[in-house]
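To begin, one chain is listed below as C-alpha cells, in the form predicted alone.
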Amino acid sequence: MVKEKRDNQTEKAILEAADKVFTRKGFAAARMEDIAKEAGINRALLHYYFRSKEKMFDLIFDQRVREFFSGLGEIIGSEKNLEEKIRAIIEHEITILIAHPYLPIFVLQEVNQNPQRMLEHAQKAGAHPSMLLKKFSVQVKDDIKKQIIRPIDPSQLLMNIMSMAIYPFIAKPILKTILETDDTGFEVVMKRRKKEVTEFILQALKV
C-alpha cells in the first residue's frame, strides 16, 4: 500500500513537471531530459513510468480538455443571466489558456486528426458541444424576445466570444513580435483582455 502511494505521488510529480515543460517549450521542443530535470528525477526513472512524452501529453491533454469543457458546461448550465455567463465564459477561457497556452494549438491538431476523440473528451466532461450550444441558444433567444439584447444568431455570438478569447493564444508567436513583448508581457496583455473582450461583446449586444 505504501509503495503504491509513493508511486502515485511520483507519477503525479512527473505529470506536473511535464505540464510545465510543455507550457514553456511546446510539445515539439520538449525533451524527456527536460521533464526529468523539472521533476527532479533521473531519466531511467522517468522511462519507468512513461515510455514517451506522447503518453504524458495524452494524459495531460485529456485532463485539460475535460477541465475546459466541464467549466464551460457548468457556466452555461448555471442559473446566471446572459451577461453573467458571457463574463464567466471569457474569464474561464482566458484563465485556463494563460496557464496552458499550448492547449489551443494541440486542440486544433487533435480536431483535424481525430474530431471524434475531441467529442469523447467533451462528453466525458459532461459538456457535449452541441448540447452546450442548444442551452446557450435558448437563453439568447429569450433575451432577444424580451428585447434585453439585439437580435443575433446564438451560434455566431458563442463563436464571437470563443474566438476573441482563444485566437490570441493561437497567434501568440506573431503577436509577441508585433507587441514587442515576451511571455510575461503577453500574459499581462491577456489578463487585461478579459475586460476588453467582455465589454466589446456586451456593447455589441445592446439594443
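Since this is a predicted model, take the numbers as computed values, not measurements. The first residue of the sequence shown is number 1, and the count goes up from there.
Not on display, but discussed next: the form predicted in complex with another copy of the chain.
Colleague: Considering another copy of the chain in the predicted complex, which of Ile144, Ile41, Leu175, Met32 comes within 4.5 Å of it through any heavy atom?
Modeller: Contact with another copy of the chain in the predicted complex is made by Leu175 alone.
Colleague: Is Lys20 close enough to touch another copy of the chain in the predicted complex, meaning at least one heavy atom pair within 4.5 Å?
Modeller: Answer no; every heavy atom of Lys20 is more than 4.5 Å from another copy of the chain in the predicted complex.
Colleague: Since only the chain is shown here, I'm wondering whether Ala99 would be in contact with another copy of the chain in the predicted complex (any heavy atom pair within 4.5 Å).
Modeller: Ala99 lies outside the contact set for another copy of the chain.
Colleague: Does the 4.5 Å heavy atom contact test between Leu133 and another copy of the chain in the predicted complex come out positive?
Modeller: Answer yes; at least one heavy atom of Leu133 falls within 4.5 Å of another copy of the chain in the predicted complex.
Colleague: Is Gln156 a contact residue for another copy of the chain in the predicted complex, using a 4.5 Å heavy atom cut-off?
Modeller: Looking in the predicted complex, residue contacts with another copy of the chain include Gln156, since a heavy atom lies within 4.5 Å.
Colleague: What are the residues of 192-207, in order along the chain, with a heavy atom within 4.5 Å of another copy of the chain in the predicted complex?
Modeller: Heavy-atom contacts to another copy of the chain in the predicted complex: Arg192, Arg193, Glu196, Val197, Glu199, Phe200, Ile201, Gln203, Ala204, Leu205, Lys206.
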